[in-house]
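Just the one chain here, laid out as structure tokens, in the form predicted on its own.
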């Protein structure tokens, strides 16, 4: 075997697939992909993917760790589940996409400024405080995520929608000063902290 071939085999026999299997939700299914492309053809955003799911799976198997984890492909998934329904092998593709996105986020190497990632972070931070989403605070966080001036512009552009929601009693301005929450926020926060501890231990993250 030539030196070039040995290097090629070494690159292919990498640990990235094992890493995905051990640390990404349902990652053990990646090696079952037969590259048929039905997932890409079933996705409503199929023509917008940087890497379609089956290409992403092949990249994992080829050891392209940086290209995979810094890609915005996983963040394009809208959880429509068309891919799972139509996959001949019933791979949990949606779960793997979200698992890869979460893993890249935890490693802090996910693409910066990716819109879906930013929305997900805002939503989770809002939810994790009280166990319930404060819709007013979440909306304001969305408006002002790109700065104060842009936030004012966004709010002005959406003022008719906001007033409509207030009139329909779907948005309560008083939520700005508190809002609804779960009955025992202390226990909820402990539950979240314990879940994070278990996940960190299981997936090899250190504090």
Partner chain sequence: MNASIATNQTILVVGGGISGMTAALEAAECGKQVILAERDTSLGGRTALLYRYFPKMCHPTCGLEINLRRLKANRNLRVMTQTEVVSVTGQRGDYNVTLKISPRYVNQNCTGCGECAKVVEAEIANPYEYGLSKTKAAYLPHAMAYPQRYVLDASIVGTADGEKAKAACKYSAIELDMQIETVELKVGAVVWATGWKPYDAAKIQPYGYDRFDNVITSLEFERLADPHGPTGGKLLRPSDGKEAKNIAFIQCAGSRDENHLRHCSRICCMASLKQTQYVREAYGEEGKSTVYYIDIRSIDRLEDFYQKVQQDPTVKFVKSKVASIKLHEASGDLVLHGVNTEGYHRYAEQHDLVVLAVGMEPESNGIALPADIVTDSSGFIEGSKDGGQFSAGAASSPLDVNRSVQSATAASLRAIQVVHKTSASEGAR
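Positions refer to the first chain, counted from 1. Note that this is a predicted model, so its numbers are computed, not measured.
Keep in mind that the form predicted in complex with the partner chain is not shown, yet the notes after this line are about it.
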| With the partner removed from view, which of 62-70, 141-149, 177-185, 37-45 is the stretch that lies within 4.5 Å of the partner chain in the predicted complex, judged by heavy atom distances? | 37-45
| message | Between the partner chain and 130, 132 and 173, in the predicted complex, does every residue show a non-hydrogen atom at 4.5 Å or closer? | response | no
| the partner chain contact at residue 58 in the predicted complex, heavy atom, 4.5 Å | yes
| task | Mark residue 88 yes when one of its heavy atoms lies within 4.5 Å of a heavy atom of the partner chain in the predicted complex, and no otherwise. | result | yes
| query | Which residues from 110-130 come close to the partner chain in the predicted complex, meaning a heavy atom within 4.5 Å? | reply | none
